[in-house]
Each structure stands twice: as structure tokens, then as C-alpha cells.
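Only one chain is given next, in C-alpha cells, and it is the form predicted on its own.
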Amino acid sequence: MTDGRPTAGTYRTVELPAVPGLGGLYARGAAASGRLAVTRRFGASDDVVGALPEVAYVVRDVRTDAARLTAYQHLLGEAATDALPAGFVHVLAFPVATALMTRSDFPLPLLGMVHLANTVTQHRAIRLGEPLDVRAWAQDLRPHRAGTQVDLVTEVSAADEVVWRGTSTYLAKGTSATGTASTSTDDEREAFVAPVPTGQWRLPADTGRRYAAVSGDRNPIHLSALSAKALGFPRAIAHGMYTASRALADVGAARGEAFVWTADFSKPVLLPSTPNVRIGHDADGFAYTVWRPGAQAPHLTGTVTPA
């Protein structure tokens, strides 16, 4: 393959017995990242990455825990219904995609991976109790001015119908994607002009720990100032999908049951924080922006439009 992306018929399906735990995956990812660093340091090239594994991971008959759903709804401000919020579906599926990134043949290091963007298409409401199949694969390895980008794609199906599809774009800094046909689309962004806020979030220092409790994502950069400083941050940062999912919750029922939800992440949200928020109508649906007062760039921007 010349672009790092297998065609649909070339994926080898690997069935996992259950959704893996993120704690174990992060430990494996740290070990794999260390091996990659050693290989590149002493190998023929220290920054060139290879092809993506032509593998799709599948977990069947995934069930939703009602108590976990309720805790998520309370934390994010979602309505207390039996419909699974799109951000909660991401929480269910995320470990399957993460498992791909911890494979020994995955060419990018999990440690230090930066979440650049997310796009979710929800085709219909997903109800509590529906048995779900989760399928994940990696595609479109491509250059970025700061390294290499890759897309992790996750599909959630019910009764063989795809009801939810998410694409998460990640950046591995300091690496070079060779043999790729795609070119970087990371152009200079326009100067940020803060809009008129429609609200403000108050995010306490324990926001990362509270989201970790419902999502299972206990990446140390989100948990405390001490663990975040060890990884190069001045203090803990909010999960990107927490902030995007909270913006989606602020849109509320007006989004409907079938929609496309996008998020572009620019600057991390340091905790504690009181960012400004704007949720407003645009030509196709809703647009949102989250930013720190006086900042030169937003934390994130996104849209919610009919599917």
C-alpha cells in the first residue's frame, strides 16, 4: 500500500474476547513506545515510520452498564434518558482503538500521541441494553508539519447495522511518514477572534479524575499536577473528549438523534480552569468554541449538524 491505508477487503479481523482495560493498554503502550525509541535511536533511521497493520479489532456483544451511563450523564450534563450520548459511545469504543496502537507492529509511539481532531457520525439513537459490536482499525498514515498523523476509526453496530462511526486523528511528533501519498493539510490558521460567549465552564482541579472514573481513561496527564508535570505539562489537563462531549451536551436535544459531531483541538485546558464557551446556530446546525479569556487560540472548536 502506498498511502498506509488498506482497502476494505484487506483487513484481517481479530476478535477480542472483551473490551480491554485502558490501564493495561497504557502500560503496554509505554513499553512499546520505549522499544520504538530504542530501535529508532540505534537503527538505520531514527524517525522514519513504517506501514500500518492491516488489522481490524472486533469486540462483539458489548453491553452498557446503567450505573456507568448515569454517572456519565451527571458529569457531562446530559439528559437522564436511556439513549446513549455520542460521547459515551466513544468511551465504550475507545479502548478497542487504543489496543491497536499498542500492537508491536503499530509504527507510532502511544506515549506522547496528540489528539488533533474527532469526527463522529451517529445514524440513530442507541438505547441502553442494545448489544453492540465494536470494530476498530487504523488508516491514512500521512505527514504533518510536526510529525506524522494517523486516523483511528471505530464503528459501532447493532444487529449488523452501523449506528455510530468515529474517526480520531492523532499526531506523533518528530516522526516522518515515508511511502505515503497524502500531503499535509495543516495550513496556517487564521488569527483567533474570540466570539461573544454564551456561557462559562467552571472546571475544578479534579475534573480529569472525575472523567477518568466514568471513562476508564486514567492517562496520568489528566489526573494530577504531579503526574502531569512528570510528562511535561505545568498541571493536569482536561481530557479532550470531556470538553468536546460537554459542548455536545450543551447543544442538547436540538441536535436530534442523527447528527455529525466534529471537534478540532488546539490548546489543552489546564485544570482548574474557567474557559468561556459559545454555542450558537450556524448555517447547517450548531457551532461551538471553547477558549480561555485573552488567549490567542481556542481550546477547541466544532460543529453539530444533521446527518
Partner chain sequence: MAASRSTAKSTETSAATSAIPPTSPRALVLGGNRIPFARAGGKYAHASNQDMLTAALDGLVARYGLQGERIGEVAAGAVLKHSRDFNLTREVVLGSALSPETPAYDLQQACATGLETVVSLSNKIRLGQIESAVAGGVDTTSDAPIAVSEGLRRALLDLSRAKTVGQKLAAAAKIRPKDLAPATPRTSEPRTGLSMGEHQALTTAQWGITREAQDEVAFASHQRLAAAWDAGFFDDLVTPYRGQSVDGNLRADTSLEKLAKLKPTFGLTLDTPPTMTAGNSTPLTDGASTVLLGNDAWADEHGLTPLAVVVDAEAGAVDFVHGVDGLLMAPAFAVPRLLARNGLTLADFDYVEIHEAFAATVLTTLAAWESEEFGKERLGLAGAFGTVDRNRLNVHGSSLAAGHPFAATGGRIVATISKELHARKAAEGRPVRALVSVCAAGGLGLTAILEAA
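Computed from a predicted model, the values in this text were never measured in an experiment. Numbering follows the first chain given and starts at 1.
Separately, the form predicted in complex with its partner chain exists; it is not shown, and the next lines address it.
Its partner chain in the model of the complex: contacting segment from 199 to 207, 153 to 161, 112 to 120, 139 to 147, heavy atom within 4.5 Å: Within 4.5 Å of the partner lies stretch 199 to 207.
Contact residue in the model of the complex, from Gly280, Gly256, Gly50, Pro272 (heavy atom within 4.5 Å of its partner chain): None of the others qualify; the residue that does is Gly280.
Heavy atom within 4.5 Å of its partner chain in the model of the complex - the one residue of His74, Arg218, Arg235, Arg124 that qualifies: Going through each option in turn, the one that passes is His74.
Candidate spot Phe265, Leu300 and Pro306, all three touching its partner chain in the model of the complex (heavy atom, 4.5 Å): No, the candidate spot makes no contact with its partner chain.
Partner proximity in the model of the complex: Pro17 to its partner chain, non-hydrogen atom cutoff 4.5 Å: No.
Contact test in the model of the complex: Met241 vs its partner chain, heavy atoms, 4.5 Å: Although its partner chain is absent here, Met241 would stay clear of it in the model of the complex, with no heavy atoms inside 4.5 Å.
Contact test in the model of the complex: Val260 vs its partner chain, heavy atoms, 4.5 Å: Because no heavy atom of Val260 falls inside 4.5 Å of its partner chain in the model of the complex, the answer is no.
Heavy atom of Val251 within 4.5 Å of its partner chain in the model of the complex: Yes - in the model of the complex, heavy atoms of Val251 and its partner chain come within 4.5 Å of each other.
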